[in-house]
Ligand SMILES: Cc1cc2nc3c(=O)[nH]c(=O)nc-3n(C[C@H](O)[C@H](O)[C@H](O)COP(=O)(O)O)c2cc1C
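In structure tokens, the next block holds one chain alone, the form predicted alone.
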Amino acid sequence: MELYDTIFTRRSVRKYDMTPLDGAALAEIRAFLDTTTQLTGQNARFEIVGADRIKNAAAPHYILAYCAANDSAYANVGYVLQNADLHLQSLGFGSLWLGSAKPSEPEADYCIMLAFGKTDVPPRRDLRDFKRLPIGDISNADDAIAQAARLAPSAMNSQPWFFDFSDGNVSVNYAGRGVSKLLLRKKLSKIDLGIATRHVEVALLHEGRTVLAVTPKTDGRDFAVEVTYQ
């Protein structure tokens, strides 16, 4: 299954077969992760580890993300790991974002992790399985790109974004809502923006567009990730 198609079937998986994947499968996932693009100016680090490295592990494998402590770095982690999330589910594996889980011995620049492994949990079969805000609440356009971005996962399903479409440009803007705006304002909400940005890019590529740059933007108060394409 292609990454674009997986956007419409992915789900957060919480039940895993704890049997580890074989070496060839893990090597392929590592290679995919190593070739995944990062946001302009960003250079996060990612590590695949087993359940023995995670407190109260409930999956056989995890991708740990390490980055600087700023909005652009957090958005970049979301952008990279969502590509891995889609790839894993396109291969038939389950995956799950874990914002509060910790490695047994966390390093100072540890950010977040993505659990993955074999699962019997089926993919979504119908768009009605998704609980998302109406497109008019989160976007100034209603097209295939916006619809794919709308389905991005987020912490507490907070959907802290607004998609501003213009000619050759999509700006994924931070737009926290309700209580989640207070709870998730710093790290998790910016990771979520990166996740949604990856959905934008995957949809653009599916439409035959060429993505020129994906760049975090901030003026010290507002934050967005800008996707330019032709």
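Computed from a prediction, not measured in an experiment: that's the story for all the values here. Note that residue numbering begins at 1 and tracks the sequence as displayed.
What comes next is about the form predicted in complex with the named molecule, which is not displayed.
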Can you tell me which of 68-76, 141-149, 155-163, 115-123 lies within 4.5 Å of the named molecule in the predicted complex, counting heavy atoms only? 155-163
Give a yes or no for Leu188: in the predicted complex, does one of its heavy atoms lie within 4.5 Å of a heavy atom belonging to the named molecule? yes
Quick one: does Lys15 come within 4.5 Å of the named molecule in the predicted complex, counting heavy atoms only? no
4.5 angstroms heavy atom contact with the named molecule in the predicted complex for Val200: no
Is it the case that Val80, even though its partner is missing from this view, gets within 4.5 Å of the named molecule in the predicted complex, heavy atoms only? no
Among Leu133, Leu127, Leu91, Leu98, which has any heavy atom within 4.5 Å of the named molecule in the predicted complex? Leu98
Just give me the residues of 55-83, first to last, that have a heavy atom within 4.5 Å of the named molecule in the predicted complex. none
